[in-house]
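Next up is one chain by itself, shown in structure tokens, the form predicted on its own.
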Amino acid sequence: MNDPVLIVADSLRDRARAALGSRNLILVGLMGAGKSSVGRIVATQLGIPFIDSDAEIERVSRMSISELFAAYGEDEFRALEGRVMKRLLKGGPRLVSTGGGAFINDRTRKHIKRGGVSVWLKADLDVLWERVNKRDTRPLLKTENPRQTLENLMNARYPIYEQADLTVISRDVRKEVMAEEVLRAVIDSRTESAA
């Protein structure tokens, strides 16, 4: 006898995969929103490659993100990020998890808009802070008051993230629940555009 939960999961996965087609799925949002952790699950469920753009930048530059910021500054880092994103989005389908500032850059945002379906993982300050304050690997948070810096980033970036094709609320639930919500958003967006 078939397990009804597995049938629903298979159906959800198949419908999301059909809705995505050959397009890329690009996750955007602030650091700590869950782009990498949720993205890996979604990519596995869809049977498409997962690419973390920050990891790809580190691979091609042979430097960590922190080292790149320290050596070249944010402007040069954003230029490199834009070139990497353009290359990553040429083929598909794949799931690309972006760095928090990628969608803020006009040129990179245009690559993302042309390169597939963008999903903003939107989280409130408390959720983000709980996730990012445990590690000191975030170059933009190496400030006197990192929580205030994170809030300032939210205030500056959220109006731009709103330009993403889809929005899914990232909150304190299991990653698998978030992944399912991303799949449902992809399905719903395809249904709405067909209507």
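It should be emphasised that the depicted structure is a prediction, and the values quoted were computed from it without experimental measurement. Just count from 1 along the sequence shown to find any residue number.
This next part talks about the form predicted together with a small molecule, which is not shown.
For a residue to qualify, one of its non-hydrogen atoms must sit within 4.5 Å of the small molecule in the predicted bound form; none of R23, M85 and S189 qualifies. Contact annotation for S36: at least one heavy atom lies within 4.5 Å of the small molecule in the predicted bound form. R138 belongs to the set of residues with a heavy atom inside 4.5 Å of the small molecule in the predicted bound form. Shown alone here, M31 lies within 4.5 Å of the small molecule in the predicted bound form, counting heavy atoms only. Contact annotation: M178 falls within 4.5 Å of the small molecule in the predicted bound form, judged by heavy atom distances.
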